[in-house]
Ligand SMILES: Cc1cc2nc3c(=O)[nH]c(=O)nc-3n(C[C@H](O)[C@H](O)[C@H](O)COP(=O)(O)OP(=O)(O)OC[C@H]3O[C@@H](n4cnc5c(N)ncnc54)[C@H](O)[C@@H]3O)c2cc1C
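Heads up, the chain below is alone and in the form predicted alone; it's given as structure tokens.
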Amino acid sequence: MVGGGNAAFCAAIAARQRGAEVTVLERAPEALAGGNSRFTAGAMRTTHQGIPELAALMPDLSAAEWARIDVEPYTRGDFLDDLGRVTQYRTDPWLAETLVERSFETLLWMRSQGVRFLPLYGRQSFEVQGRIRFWGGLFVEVWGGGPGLIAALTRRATMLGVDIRYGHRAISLAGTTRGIDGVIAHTPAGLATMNADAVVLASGGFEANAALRTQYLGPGWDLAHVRGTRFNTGDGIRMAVDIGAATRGHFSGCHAVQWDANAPEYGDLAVGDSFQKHSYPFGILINSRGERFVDEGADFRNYTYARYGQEVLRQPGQTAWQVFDAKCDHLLRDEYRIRQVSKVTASSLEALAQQMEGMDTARFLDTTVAFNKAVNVDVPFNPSIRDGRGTRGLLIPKSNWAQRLDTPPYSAYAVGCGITFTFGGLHVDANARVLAQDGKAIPGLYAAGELMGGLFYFNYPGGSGLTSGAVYGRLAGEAAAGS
């Protein structure tokens, strides 16, 4: 297994359960291991038929806890519709079908391997009249988030006898399109060839490679922050292409979010994913020219956050400001309260604008006055549904959750672009086999996780990345064990 995140460990565990001898090559040192998975909040999108089925996945919850929860079933059709809609129906139907059909059974399998789950309370629900109401088709979170996921999978793999080697960077595949014999890797002891009957590539995309970001995503992408690991530089894709594998998917697309403007260049494990700023649907997003540039309430956060980061990257200085008034304080997620936050506050909008570095104050005030006048106050505000409380007459509307900025104190948060993972990758079939240029499977070569191409285009439904890594990691591991 090349990689050390969710997909790689699911592959390793599945292969070991089939009787294979398994070695995991993790490029990072142990202290920084876990790939992008370790930086996530741990949300996993899955089909389910409602509380009775979810209770089997989360047996730790009491009957009293379940009694307060309102959650609609999330069906196969719902998941496929969401995946199709946000990818503009470019997602590969076979890859999508496999992801959706195997999502819940894979989470149950993960549960059997020691991964615990709980409802995604803090990020995906609101309390309304004493009820905990979930929204956006996303309900499940790994206990302990991304760090908890990696810890649980590492424990299980170690228990099963998987050989985990940290500080081992695979640099090339041994073999050709006629078959794979192993990998060549840089190790702490020097260059080494490691023989294998099969190889699973699960080492992520190329988001941590500034040159490749600029080459494929376009000008300016070298300036983006990297949300997660610094070690995802495209090695797995390059190694496979070097022996004749085909590429596929949206190489000019990626998952990119609004990220604290003053965050470090790469992810910080001490902060995790808390540099993200995802409560923007309840305020306005404005650039230094004092202009709104997206519909903040176009849809639930789940379906817009992965593409709004690139909208911020297109703004002057590659930054923008999220602006809220006091009515929204209780709706802001915990990430807005970390010590490292880039925030200004004031008792008036004019004073706020004067503290927002580089802001055109006059234009900002014109924009906020026009926005306030345009809010349709006849529609009640409800954060747990697409409430239709929008604006009228603005060039860029706000479709849902529009509220006037009229209650001091006011706050503004400086955001930039944080790239999570890239969408282009290897051509992989629904059995996780890597395909050559002629469309035939390369014997002994499998892939899973973020270096798969063809599943996500333009955008993705929140929580589907970890689920994809688990589903296809498990498939890849089982198939590799039979090679």
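The structure presented is a predicted model; accordingly, all values stated were derived computationally and were not measured. Numbering starts at 1 and runs along the sequence shown.
Beyond the structure shown, there is the form predicted in complex with this ligand, which is absent from this document and is the topic of what follows.
Taking the partner from elsewhere, no residue among Gln258, Ala263 and Gly416 has a non-hydrogen atom within 4.5 angstroms of this ligand in the model of the complex.
The closest heavy atom approach of Arg169 to this ligand in the model of the complex falls within 4.5 Å.
When contacts are judged by a 4.5 Å heavy atom cut-off, Thr46 does not count as touching this ligand in the model of the complex.
For the chain shown alone, Ala12 is not a contact residue for this ligand in the model of the complex, no non-hydrogen atom being within 4.5 angstroms.
In the model of the complex, at least one heavy atom of Ala202 sits within 4.5 Å of a heavy atom of this ligand. Per the 4.5 Å heavy atom criterion, this ligand in the model of the complex is contacted by stretch 203-211, the sole one of 358-366, 280-288, 203-211, 126-134. Residues of 18-52 that come within 4.5 Å of this ligand in the model of the complex, judged by any heavy atom, are Leu25, Glu26, Arg27, Ala28, Gly34, Gly35, Asn36, Ser37, Phe39, Thr40, Ala41, Gly42, Ala43 in sequence order.
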